[in-house]
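Before any questions on binding or motion, here is one chain by itself as structure tokens, the form predicted on its own.
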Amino acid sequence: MSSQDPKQALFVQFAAVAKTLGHAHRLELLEQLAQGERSVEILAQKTGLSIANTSQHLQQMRRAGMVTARRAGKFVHYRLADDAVLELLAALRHIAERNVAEVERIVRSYFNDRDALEPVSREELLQRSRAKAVTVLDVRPEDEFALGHLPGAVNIPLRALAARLSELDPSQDIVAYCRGPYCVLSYEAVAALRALGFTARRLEDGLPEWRAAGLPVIVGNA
């Protein structure tokens, strides 16, 4: 019979998983991987980390069961292990929102200043988009859009929004979305559009949560 209490042995393993989340760069990498499978090189470029540093973080998360990896020639591609990782990140976010004063301050001073209106729920957006009563605007970069996007979404990355306003119908409501609940791209887009007279709101979260809810996702640039 083992001398180690099995409950304590489990707690040790749970603590190892929790410890893996204890780094801002890893949380940022998980946000990127929530958009779809990525190579180490692309993830390094997206996050501004070195390839070596990115690889080390990813390997630690793989050992903790948060991501999986596959090799394709010279490149290693990573993806989230499953949707439970998104649920874990959402729980972490909710706890911080409710109990950490600095999180509340950041939300109030940055996010609420740009958009204090209640966001659009997934269910409402699905109904309105099917009825063609709204323009669904994806403000992520083109490569993320190609990994998966909402049906009928128009992809205008935030950096190109000012130059491509003519593609938007000012008489129709716009719902913008990007990587998740606190993706600054959608906040900035909604604030800019409202300043120009458009009726714009945000989706309550982003593409990863939409996909995890079992709602339809289109892959490719169509």
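One-based numbering along the sequence shown. Just so it is clear, the structure is predicted and the values come from calculations on it, not from any experiment.
Here the subject shifts to the form predicted in complex with the DNA, a form of this protein not shown in this document.
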item: Check all three, Ser50, Asn53 and Val76, heavy atom within 4.5 Å of the DNA in the predicted bound form; value: yes
item: Exercise: Glu41 in contact with the DNA in the predicted bound form, heavy atom 4.5 Å; value: yes
item: 4.5 Å heavy atom contact, Arg194 and the DNA in the predicted bound form; value: no
item: Exercise: Arg179 in contact with the DNA in the predicted bound form, heavy atom 4.5 Å; value: no
item: Contact test in the predicted bound form: Gln60 vs the DNA, heavy atoms, 4.5 Å; value: yes
item: One stretch from 125 to 133, 144 to 152, 81 to 89, 68 to 76 that, in the predicted bound form, holds residues within 4.5 Å of the DNA by heavy atom; value: 68 to 76
item: Sequence-ordered residues of 7 to 46 touching the DNA in the predicted bound form, heavy atom within 4.5 Å; value: Lys19, His23, His25, Arg26, Ser39, Val40, Glu41
